[in-house]
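This document starts with one chain, in the form predicted on its own, laid out as structure tokens.
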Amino acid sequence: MSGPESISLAVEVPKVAQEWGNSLPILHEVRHALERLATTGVPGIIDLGAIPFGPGDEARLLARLGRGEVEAVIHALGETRIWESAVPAVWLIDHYNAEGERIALHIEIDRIPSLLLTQPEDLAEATARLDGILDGEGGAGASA
């Protein structure tokens, strides 16, 4: 036999890649998003629900990212937990519905998670609400 079928071929998968599973490519994507944020100011988001995870991949990824000092919980149509990873500007956003079932898990790469920014329509309501508070307490024009 002298054709290509006579050539023996062995495929070796690096042991490191096996240990990391899908967490390694996601960490590379996070790194590129961080670089883009630093150079252009453009934030990034990774929908972990859209990525096929093998057993233990999500836990490995979250363990590698670690946990930072900032956390927040939003109560609106279910709970959303937000925490900064040990890598600054890398946030985990974990959404649950009213029944407590996870509906989404995202990594957001930004200076602050977009969910924590006041929405423009809320700013107008904020002014009206504060006016009501001030009117109820005598307002800014009341004499002391």
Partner chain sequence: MATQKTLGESLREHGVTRRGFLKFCAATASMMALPPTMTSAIAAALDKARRPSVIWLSFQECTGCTESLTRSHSPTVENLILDIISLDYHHTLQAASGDAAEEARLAAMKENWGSYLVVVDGSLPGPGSNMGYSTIAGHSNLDILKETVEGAAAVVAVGTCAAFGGLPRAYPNPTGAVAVQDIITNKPIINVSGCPPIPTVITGVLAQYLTFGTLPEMDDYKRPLAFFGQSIHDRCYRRPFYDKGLFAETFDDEGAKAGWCLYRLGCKGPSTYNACATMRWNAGTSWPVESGHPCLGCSEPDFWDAGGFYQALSVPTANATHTLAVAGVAGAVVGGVAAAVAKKQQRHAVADREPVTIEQLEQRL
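None of these values were measured; they are calculated from a predicted model. Numbering follows the first chain given and starts at 1.
If you look for the form predicted in complex with its partner chain, you will not find it shown, but the lines that follow are about it.
Its partner chain is not drawn, but in the model of the complex it has a heavy atom within 4.5 Å of residue 95. Using a 4.5 angstroms limit between non-hydrogen atoms, residue 64 is distant from its partner chain in the model of the complex. Within 4.5 Å of any heavy atom of its partner chain in the model of the complex lies no heavy atom of residue 110. Though the partner is left out of this view, residue 47 does reach within 4.5 Å of its partner chain in the model of the complex, counting heavy atoms only. The partner is absent here, but in the model of the complex a heavy atom of 77, alone among 86, 59, 38, 77, sits within 4.5 Å of its partner chain. The candidate spot formed by 24, 70 and 90 is out of contact with its partner chain in the model of the complex: none of the three has a heavy atom within 4.5 Å. Within 4.5 angstroms of its partner chain in the model of the complex, the stretch 112-127 places a non-hydrogen atom from each of 115, 116, 117, 118, 119, 121, 122, taken in sequence order.
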